[in-house]
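First, one chain by itself: the form predicted on its own, in structure tokens.
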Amino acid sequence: MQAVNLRIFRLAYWLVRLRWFAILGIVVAYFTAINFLHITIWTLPVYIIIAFLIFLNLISFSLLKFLQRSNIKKSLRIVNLIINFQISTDLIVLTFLLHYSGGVENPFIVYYIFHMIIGSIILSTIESLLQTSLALILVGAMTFLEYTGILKHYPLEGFIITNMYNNLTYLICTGLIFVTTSYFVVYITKTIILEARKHELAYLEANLKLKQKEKIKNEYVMRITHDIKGHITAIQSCINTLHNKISGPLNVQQEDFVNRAHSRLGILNKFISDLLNLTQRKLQQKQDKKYFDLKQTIEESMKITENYAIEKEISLTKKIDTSINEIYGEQSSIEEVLINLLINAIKYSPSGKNVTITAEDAGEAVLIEVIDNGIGIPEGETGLIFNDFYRASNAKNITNDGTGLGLAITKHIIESHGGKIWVNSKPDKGTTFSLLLKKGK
């Protein structure tokens, strides 16, 4: 409902912008006709019409701004009236403008059709038909009054040679064509618009149902995963007792079984923790965002992963612009992202290689990159690695302890901060993960 309300205001503002373009178009057409085409046009009415349009547009814009600050529900009917008034007055102004510049002889008479199309897009079927009828009444009245001599005809001297306004056959044929074309345009436009709105509503309804189902699914997964985690923790406590030989010594076969169980439980526990983390983030509506020191966060992430890099004989380096300072976001989540990317880079790099993290100023954002010289990602799989539970095919050959959720969590965190994440990789040459994070709110 809120989206529909905002749409009505957007359409009203759109009409205001169109009128500014129309005013500019009148000015350009007038000066071109006078100075370059040497067409005779009575100047005073054109100036009055331009001034009236400017005044009308300023009033419409001010009223819309006032209504937008007021109670929107009460304002919608008034906004709809403003839209109808704008279109009606535009038709009346167009009629006066045409009357003082050739009447039906003026080729800009086709601009009535544009107003009919705009009305069909914005207004209801009845309202658009009423506006079309008003346009036809106005052009018909102008034609009749000029033809009978009740109103003076102002010819476009220097442009029109034959007085078409006084040719009854021309007027009747042109009038019939104009009337039938006008209603046909409105019918076609309204049919297209109504079909488009039906599809839009169906899409919005389907999208809402999907979001509701996604929420139910996530809540279910979180409850089940939480319960499983409790049981796993209890089992792990018992296994730890055996693994640490607190309950007494084990023979070789027993120790082998316990070690394998201990290792598998560690992998399972990590998987459950990642799944809980991702599910909670999907359900979480609010984040504790504030300004924090990005440089310090990068350095802290490197300290946390430093021991792992030393164990694998990986060189961990950084390159941070001196201008990098504070950015707005959830510090703990960004740190989690950096740690996850650094650990992945170290895990999938052979000993003796280098892992680098860089941060550079990108205007209103900061570009962070984690670069490694590791195994890379196979061609055709870079677009899949951010999906839930997905692991690159060559990563499985290195280790089985990955959950396939780390990069999904990373992507969710970055996007929840209004940022972007992408990857460039070449098999056996290395991978670069790039993050673009906004500095401010």
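What you are looking at is a predicted structure, and each value in this text was computed from that prediction instead of being measured. Just count from 1 along the sequence shown to find any residue number.
Just so it is clear, the following notes concern the form predicted in complex with a small molecule, a form of the same protein that is not shown.
Contact between Tyr30 and the small molecule in the predicted complex is not found at the 4.5 Å heavy atom cutoff. The small molecule in the predicted complex is approached by Asn344, whose closest heavy atom lies within 4.5 angstroms of it. A residue is said to contact a partner when one of its heavy atoms sits within 4.5 Å of a partner heavy atom; Tyr112 fails this definition for the small molecule in the predicted complex, lying far away. The shortest heavy atom separation between Gly404 and the small molecule in the predicted complex is within 4.5 Å. This chain is displayed without the small molecule, yet in the predicted complex the stretch 369-377 from 369-377, 30-38, 62-70, 46-54 comes within 4.5 Å of it by heavy atoms.
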